[in-house]
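Okay, so here's just one chain, in structure tokens, the form predicted alone.
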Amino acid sequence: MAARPAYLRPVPAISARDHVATELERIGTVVTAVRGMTVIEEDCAAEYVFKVVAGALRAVRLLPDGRRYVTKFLLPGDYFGFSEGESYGQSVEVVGDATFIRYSRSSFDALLARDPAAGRRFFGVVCGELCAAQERLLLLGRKSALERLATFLLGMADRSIAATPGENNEVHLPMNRSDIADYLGLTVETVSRLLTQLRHHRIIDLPTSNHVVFLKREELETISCGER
């Protein structure tokens, strides 16, 4: 079975016994946010770094003509807010009620500067994001609409809390179909049509619009890999 693409894999969790986690807990502030709230605004000063504890968020860019592009979905364990410059390159919005930890950028940078282990840890996180960006180019540039959707559903299932990659056969999608469409570079109508097609062929079931059950996971994986 093919490995799940990096852009759909969760960031490895830091052990509670790790001294880096202890330092992060010391400098962090727990924040809760409700659906629809904007946590980060594009082009605003990059003053904080965040870690998702619960819920879901989406990172978005607006094109000059007003079209929206969802660059990633952020789930528990994911970090966001890293910026090369002094301002954020994209906005981050709450998809469903969420809890996250907020670190001031000055405290976060100071931790990385004084603790080599923390520096190595987050260097790995950044490298993972670069790998994810490369694989996402493959998703959008070479895969068909059906392959994109199959890859997305499998990846979201594997990112579920306590899920074992390749073994989770259902997923709750916190985002709506418009979000999925803007993430996959498709229209809402195409996403809805493809979900109906997969359901018609008994590859998935849709008990609700946000709950997907895999009836034939292996077939969905075959589609994802472009082998059907």
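Just so it is clear, the structure is predicted and the values come from calculations on it, not from any experiment. Residue positions are given as counts along the sequence shown, with the first one as 1.
There is another form of this protein, the form predicted together with the DNA, and it is not shown here; the text below is about that form.
Trainee: Of the residues Ile101, Leu111, Cys131, Ala145, which one places a heavy atom within 4.5 Å of the DNA in the model of the complex?
Mentor: Only one option qualifies, and that one is Ala145.
Trainee: Mark Leu186 yes when one of its heavy atoms lies within 4.5 Å of a heavy atom of the DNA in the model of the complex, and no otherwise.
Mentor: It does: once the DNA is placed as it appears in the model of the complex, Leu186 has a heavy atom within 4.5 Å of it.
Trainee: Asn168 near the DNA in the model of the complex, any heavy atom under 4.5 Å?
Mentor: Close contact is absent here: in the model of the complex, Asn168 is far from the DNA, nothing within 4.5 Å, heavy atoms only.
Trainee: With a 4.5 Å heavy atom cut-off, would you call Ser209 a contact of the DNA in the model of the complex?
Mentor: Although the DNA is absent here, Ser209 would touch it in the model of the complex, with heavy atoms inside 4.5 Å.
Trainee: Is there any non-hydrogen atom of Arg193 lying within 4.5 Å of the DNA in the model of the complex?
Mentor: Answer yes; at least one heavy atom of Arg193 falls within 4.5 Å of the DNA in the model of the complex.
Trainee: Taking the partner as it appears in the model of the complex, which of 137 to 145, 102 to 110, 150 to 158, 78 to 86 has residues with heavy atoms within 4.5 Å of the DNA?
Mentor: Going by heavy atoms within 4.5 Å, the stretch is 137 to 145.
Trainee: Since the partner is left out here, which residues of 50 to 84 would have a heavy atom within 4.5 Å of the DNA in the model of the complex?
Mentor: None of them.
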